[in-house]
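Just the one chain here, laid out as structure tokens, in the form predicted on its own.
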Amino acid sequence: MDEASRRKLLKRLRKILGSENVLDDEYIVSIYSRNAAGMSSNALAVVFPSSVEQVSSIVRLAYNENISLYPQGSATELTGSSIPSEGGLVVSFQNMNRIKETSVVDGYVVAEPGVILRELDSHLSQHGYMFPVDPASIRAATVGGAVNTGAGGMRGAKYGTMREWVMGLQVVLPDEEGTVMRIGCRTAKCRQGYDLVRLIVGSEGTLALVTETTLRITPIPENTVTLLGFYEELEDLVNTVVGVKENRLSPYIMEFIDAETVDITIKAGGSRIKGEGHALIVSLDVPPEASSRYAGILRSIMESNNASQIHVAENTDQAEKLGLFDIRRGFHPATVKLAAEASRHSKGRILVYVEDIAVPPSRLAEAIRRIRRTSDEMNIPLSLAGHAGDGNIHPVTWFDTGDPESKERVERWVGEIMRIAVELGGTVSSEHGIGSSKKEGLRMELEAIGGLKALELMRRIKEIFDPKGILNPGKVV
């Protein structure tokens, strides 16, 4: 776009939004053109709508002028889905951050896309309720970003991901009218023909701009029992996972950290708990009067599978006081610390990269071993943890942006990690999305299961929703 056209566009945007909500300062634009993984690009400007009417006006203008739009919450995603790929406008929803309605009786909350998930949870806690999707970035991640990525988290063992919790949406379609459309219901049962709500959830901003969400809520558990056990053998840890499920227990949380990562985290000072081996954390939400009984059941399952050290908390406060989650929460900061130490000899910036695959939980041990072996063979530093309850694994590494060989090696490693997931009957992306970095992985997965036709259908769906291809181009398909 030439300078005269750019100035004309910015003038029209400022008329719609006000000058303070249209920023084209190069430094500010660069901040909004970068995600949590360090991926970056550039844009013409960043715009900050505060209402659905303003979003509709932006879309109308973009459609008529063939301007690409990149919807963004807080850019905590890790696959490139929130950053521009070819100029255009970053549409930040940080000003659309109201919680508009809460109904405990009907079991929903209505929130705008810029609401921070932690703030939503804090609001709901006043009513004794919560929104159960809890990604690691919950203190910064937004409702809209979680909808677009189909986010999950530690409570996914019991509650799943965003697709189970979005009841309805208000969206703006990328057409000549900037059409505002409502889909979904405020009732638990809802049949409206094809499920367009679930189509939008996880679409990474490629089909429509989400301007309002109706989310299902659930009561905060009255009490949780938590056990942390250490295992010399991975198979014993996995057999504990199997045992918990065979005993008809539905874990609230079930997390693992592999032995090398446990050692890294403890040495980094990231845990009050000391132990050796692979760690497994299991939490159950149970009535207080049943705490001892369920703690005994979990202990028995762990002991029968050779747990060498078991820590028990019969309530939530006790689990926090003892630090039973310290290793799980501390593994990523410990990895960042290691990466920072490596940066002393770096040629550029050190970027920490978090992978995201899933395998059937029964194949968790095999996946972890193969990931470790592949990383050793490729000389890739690694820490590794994840959600044992649903087989979601997060291998974490880092690389030097100033060293092309280091970066290329990590890119090849990512490809191998995704291949391991597919070969073990899993998926290349559990909760981080596809974005721009996992498109080849998606193709590999669909080809392996005989589903390549799905890519063609996705492209056709994209064309129907977005005929000019202006909405988050270059992402997913």
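A quick note: this is a predicted structure, and the numbers were derived from the prediction, not measured. A residue's number is simply how far along the shown sequence it sits, counting from 1.
Quick note: we don't show the form predicted in complex with a small molecule, though the next part is all about it.
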Quiz item: Between the options A157, L384, A307, V210, which residue brings a heavy atom to within 4.5 Å of the small molecule in the predicted bound form?
Solution: V210
Quiz item: Heavy atom within 4.5 Å of the small molecule in the predicted bound form: which of A75, I301, A334, L280?
Solution: A75
Exercise. Would you confirm whether the three residues A141, G152 and E431 all fall within 4.5 Å of the small molecule in the predicted bound form, going by non-hydrogen atoms?
Key: yes
Quiz item: 187-195, 310-318, 143-151, 257-265: which one contacts the small molecule in the predicted bound form at 4.5 Å, heavy atom to heavy atom?
Solution: 143-151
Quiz item: If you check in the predicted bound form, is A36 within 4.5 Å of the small molecule, heavy atoms only?
Solution: yes
Quiz item: If you check in the predicted bound form, is A136 within 4.5 Å of the small molecule, heavy atoms only?
Solution: yes
Exercise. Consider E204 of the chain shown here, and say whether it contacts the small molecule in the predicted bound form, taking contact as heavy atoms within 4.5 Å.
Key: yes
Quiz item: Just to confirm, P71 within 4.5 Å of the small molecule in the predicted bound form by heavy atoms?
Solution: yes
